[in-house]
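Encoded as structure tokens, the following chain is the form predicted on its own, with no partner shown.
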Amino acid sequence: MPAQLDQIIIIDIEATCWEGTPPPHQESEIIEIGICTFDIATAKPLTKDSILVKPERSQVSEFCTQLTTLTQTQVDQGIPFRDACALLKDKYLSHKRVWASYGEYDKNQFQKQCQSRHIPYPFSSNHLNIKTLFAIVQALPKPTGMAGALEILNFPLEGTHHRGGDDAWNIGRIFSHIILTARN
């Protein structure tokens, strides 16, 4: 099925993490899905959203809270991963649209988590890696992180770094620059 080309869905996830290796019987899993809808016609980010996901196989560590500001209490109020995947398809048409992330981590984590839980993958096969696109457009010797890309563009970070919705929005701003540069 050809992708709908009215919007691109930009995704940024946060996952349970630890300073070292995960504790026994725990694994990294998605606890927040940040979403930025991006209008292709105007090359502008449109909306920002965040879905909190209740972890099933891990707990939010102190390190994770320091990095993301997310606490166990907050994510316990989230929805199950299966419901989050359904919401992506129903509300954002993620299975019909081109989608993007900053790097491959988000795509790989979704694939791994969907496979391990026997949940249908919620995205189309049309994925854009904005991190690589930015490095190519800027002729960088190697890709840089999202904060580094904002710095190169002299764009201030909007919101809280390592929060899904805010990071997805900032990635949308970077993508806007890439698209508008290409159009000129």
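One-based numbering along the sequence shown. Being a predicted model, the structure only gives us computed values, none of them experimental.
Although it is not shown, the form predicted in complex with a small molecule is what the next lines describe.
S.K.: I'd like to know whether H162 contacts the small molecule in the predicted complex, with contact meaning heavy atoms within 4.5 angstroms.
M.R.: Contact with the small molecule, yes.
S.K.: Can I13 be called a contact residue for the small molecule in the predicted complex at 4.5 Å between heavy atoms?
M.R.: Residue-level check for I13: yes, a contact with the small molecule.
S.K.: Can you tell me whether L46 touches the small molecule? I mean in the predicted complex, with a 4.5 angstroms heavy atom cut-off.
M.R.: Looking in the predicted complex, residue contacts with the small molecule do not include L46, since no heavy atom lies within 4.5 Å.
S.K.: Can you tell me if V137 lies within 4.5 angstroms of the small molecule in the predicted complex, counting non-hydrogen atoms only?
M.R.: Outside the cut-off, so no.
S.K.: Just one of 148-156, 127-135, 52-60, 66-74 has heavy atoms within 4.5 Å of the small molecule in the predicted complex; which?
M.R.: The contacting stretch is 66-74.
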